[in-house]
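Here we start with a single chain on its own, the form predicted alone, put down as structure tokens.
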């Protein structure tokens, strides 16, 4: 599967050598679907047309190649709506008040700003009320684990971080700024983030590869007094748990009694296992390329060593085949094609499958549906999308509003329960276990739950006026 996009192709068609019918036929054979035609210039011998074509990303280059190879056809220009949306970047900084005269200038800059600077120097906590700090998050990445693209570098990571900043603003009214760092050294990343932290109320770590991400987050959480949250780890875990809580209700099972297989023990997989344990799961089997993590193996990754001790109560060894026999739940954060129909046939009745590899799940949903009771993926074109967007805006909104020192386990559990609760029990079913990312209740419910958990655990430095 690949992502659909729209291209606008401007062509010159020399009538003596080609017809529009020839073009349409070639486009269709290459995977393109013409949805609009605009005649730009007509003529006796040559016509110029703009064709709007729906196409899968994987077919983009093939379509252009086919057209260029056609006699009588000249490709003048190709516009891709996805690229057009990114021209010049997707975010900007705008002032809250206009500067129209000298008086305005003296208020926001010199000489008036000096009094504000002095007030903050005397009491640094006033930065929360007198600067953008209280509502600003740094979205930090080194570009080593970008979406499904891997290590593509900090420049190539920028479009993703800009998109994250857009979501922060639109969904939670948080000002977020992308910081893509040209270093892979964990110590350098830690020191850079610490150095810029005074200007931010929170740090969102993003697309940093495992296992480096664990140490970076752990150190920053310990050495900064603002919330640090690696969304690839904890956001995925929170939303997966939210969906699982509702899925268990649908199949009338409990998390304590369910046999759970988690495949792909990187950043997200480790965090999912940790959160499931905190939620009461007792039978987790963590599986990676080397097979089931077990206590008879020495692992160089400290997270794996911990998981080997904390999971796999039977100390099973072997691969996915062994883990899946009798499993109630499969949670995948690995790659396409990992899960087979044969595995599904060995699961317990009324099984739950979260195939969350993106954009291509661990198993094609159409193959899995006949064998499972509840199916979820990371994709928006199937029911039950497990998407981090349901989590991080509300968590940061709540953490900023109560000026939390960190994001702790209790806050993550509270966020998962809040997301799950947005789905009313009367509406909950196999096709609806998780709310839409556009459900306006999600951010506010997560915010409230996070604030209450922060207050209850003593890490909130402020109680917002709407919290009783």
Ligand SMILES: NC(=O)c1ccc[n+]([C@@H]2O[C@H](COP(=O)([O-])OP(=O)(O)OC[C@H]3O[C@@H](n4cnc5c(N)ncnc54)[C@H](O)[C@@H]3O)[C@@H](O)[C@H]2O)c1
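A quick note: this is a predicted structure, and the numbers were derived from the prediction, not measured. Positions refer to the first chain, counted from 1.
Heads up, the form predicted together with the ligand isn't pictured, but that's what we're talking about next.
- For the chain shown alone, residue 148 is a contact residue for the ligand in the model of the complex, at least one non-hydrogen atom being within 4.5 angstroms.
- The closest non-hydrogen atom of residue 303 lies beyond 4.5 Å of the ligand in the model of the complex.
- When contacts are judged by a 4.5 Å heavy atom cut-off, residue 251 does not count as touching the ligand in the model of the complex.
- The ligand is not drawn, but in the model of the complex it has no heavy atom within 4.5 Å of residue 178.
- Interface residue among 193, 165, 268, 324, judged by heavy atoms within 4.5 Å of the ligand in the model of the complex: 268.
- Listed residues 278, 338, 197, 245 were compared with the ligand in the model of the complex; 338 is the one with a heavy atom within 4.5 Å.
- This chain is displayed without the ligand, yet in the model of the complex the stretch 354-362 from 88-96, 354-362, 132-140, 367-375 comes within 4.5 Å of it by heavy atoms.
- Site residues 395, 442 and 461 are none of them in contact with the ligand in the model of the complex, judged by any heavy atom within 4.5 Å.
- Although the ligand is not shown here, in the model of the complex the stretch 366-390 places heavy atoms of 378, 386, 387, 388 within 4.5 Å of it, in sequence order.
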